[in-house]
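Listed next as structure tokens is one chain, alone, in the form predicted alone.
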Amino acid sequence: MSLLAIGSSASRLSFKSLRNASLNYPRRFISTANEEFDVVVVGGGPVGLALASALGSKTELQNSLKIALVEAGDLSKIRDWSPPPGTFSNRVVSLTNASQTFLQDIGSWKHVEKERTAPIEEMQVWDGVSDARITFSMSELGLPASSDGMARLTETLNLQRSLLRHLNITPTVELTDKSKVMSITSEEIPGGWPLVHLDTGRVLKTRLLVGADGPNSPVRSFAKISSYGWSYDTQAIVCTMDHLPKGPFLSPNTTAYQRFLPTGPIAFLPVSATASSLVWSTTPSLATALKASEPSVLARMINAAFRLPDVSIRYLHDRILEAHQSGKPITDEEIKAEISWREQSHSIDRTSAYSSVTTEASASPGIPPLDAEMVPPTVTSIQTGTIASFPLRYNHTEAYIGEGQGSRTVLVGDAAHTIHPLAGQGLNLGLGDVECLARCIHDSILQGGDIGSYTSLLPYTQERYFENHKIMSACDKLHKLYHTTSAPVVQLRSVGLEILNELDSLKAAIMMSAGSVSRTDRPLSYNSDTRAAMFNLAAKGVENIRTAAHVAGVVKSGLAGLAANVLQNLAKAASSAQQEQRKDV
């Protein structure tokens, strides 16, 4: 046999061995050729899904963009989500009318199961120490009636499922779930495109990489975008509460209640006639102790937290912590006896809505007590498996778009900012990001620009960064302001709150800023009738400032100083609202 034949035989043997070896190697680790996309969105939460839906729904972009969404989890669990009637998930979001309008515009809102949503027609917020109270109501402010109220509550899963249903009929978006991002690199050329390496072996090359991947964003790490923030010494307890329906003489269960306790705010959010969602920010130790107790103990403590004075709330917290530390969590009978004694010591009438130990009385028909609307319905039980808690943080990146080696990247939602949930604005800020970014991409395409360039993305960060920072800072300051029990501070904040509650025009401006009015035009425009009403109220607020300042002048020394400062800030808000009106005209 010739050397050539031997060499040929050896080559065939070698090739066969290599081929067999490659076939035996797990396929998920085999690198393939780069797949090119115009936009790759990392993260299949509500914000990521909303961005993919927004881009996929624009007729002008359907033939111009190739879009992929990557999610590590299994999206089929959300598509197939079908809970029993009357039961609700413990993660509920408050969607402002501005957010709802955006979801309607991109075509996903029609896929939301409306029976699992509830409007908020009124909000009552009060100080847990002084009981100073402010009420926000569309009817009280004389604004046009809206079937959606000021906002609409729904489960996060209901919203995600609707977005997935919309994407199922959007052929321009490729959904890739159960695929974890292993690393992100970039082409080694100036202005090179990002390369997203998945654990399935796929490599996605993209003109624009969007990080909608939460607080621990791999996209943010790749772009080397730094952030600043801090952890609050609080945890949020969430659960779904069952309660009796409101009587025939009361308004429907469409009022959201929030009380600012020194340990953190507690919020009661309606999701149906007989169920509501809880978000209670409190100390980590108390959150742990309440989770370890019987669900009925948590139910009783929720009722007490909205009704008893602060001194008794603090005493009950100490009792629960002592019992937990001893290894014997407090029982339902023990906490019931403690609450009953506390109600008697404060001379709370057993027929009053502020008495929570006799829930059976609420079931009897008849005329409700005069204070029935001042507190939420009495909780009777907690839905099984809904009690959970999570830590709270404030975090804001120093930029929303990457530069240098991290160019062609942009951050949205929690990847860019994390906010305290006390105002329910977290997801709304994220959807605001999505609306703005989709608009910038749309404009760039129409102008023949490069959607991944710094120039195309700059309007996004210019519009959204300050808007987000403004709301985040306000929530952070509210948390800190109401975290203290110092008597002078309590007096000062109570005066400011009570003055604000008398100025309906400025409350209207605050509601408008928070997105309680539907936006129909871009950017930041409103339904014409409602817009006129809102700005008229805001304009009247400027005229009322002098009168309110005179009232504040009656308050001596430091009280007058704070009130004047509050009024100055409110005047700026009203002035800003007038300027927005001039821009839209």
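Heads up: residue numbers just count along the shown sequence, starting at 1. Treat the numbers as computed from the prediction; the structure is a model and nothing was measured.
The following text describes the form predicted together with a small molecule, which does not appear among the structures shown.
Listed residues C440, V271, V279, L286 were compared with the small molecule in the model of the complex; V279 is the one with a heavy atom within 4.5 Å. With the partner removed from view, the residue among L427, L208, L411, L308 that has a non-hydrogen atom within 4.5 Å of the small molecule in the model of the complex turns out to be L427. Of the candidate stretches 320 to 328, 298 to 306, 233 to 241, 403 to 411, only 233 to 241 has residues with heavy atoms within 4.5 Å of the small molecule in the model of the complex. Against the small molecule in the model of the complex, the set S89, P265 and Y354 makes no contact: no member has a heavy atom within 4.5 Å. Although the partner is absent here, P215 sits close enough that one of its heavy atoms falls within 4.5 Å of the small molecule in the model of the complex. With a 4.5 Å cutoff on heavy atoms, K180 counts as touching the small molecule in the model of the complex.
The closest heavy atom approach of G149 to the small molecule in the model of the complex falls outside 4.5 Å. Residue contact check for E71: one or more of its heavy atoms lie within 4.5 Å of the small molecule in the model of the complex.
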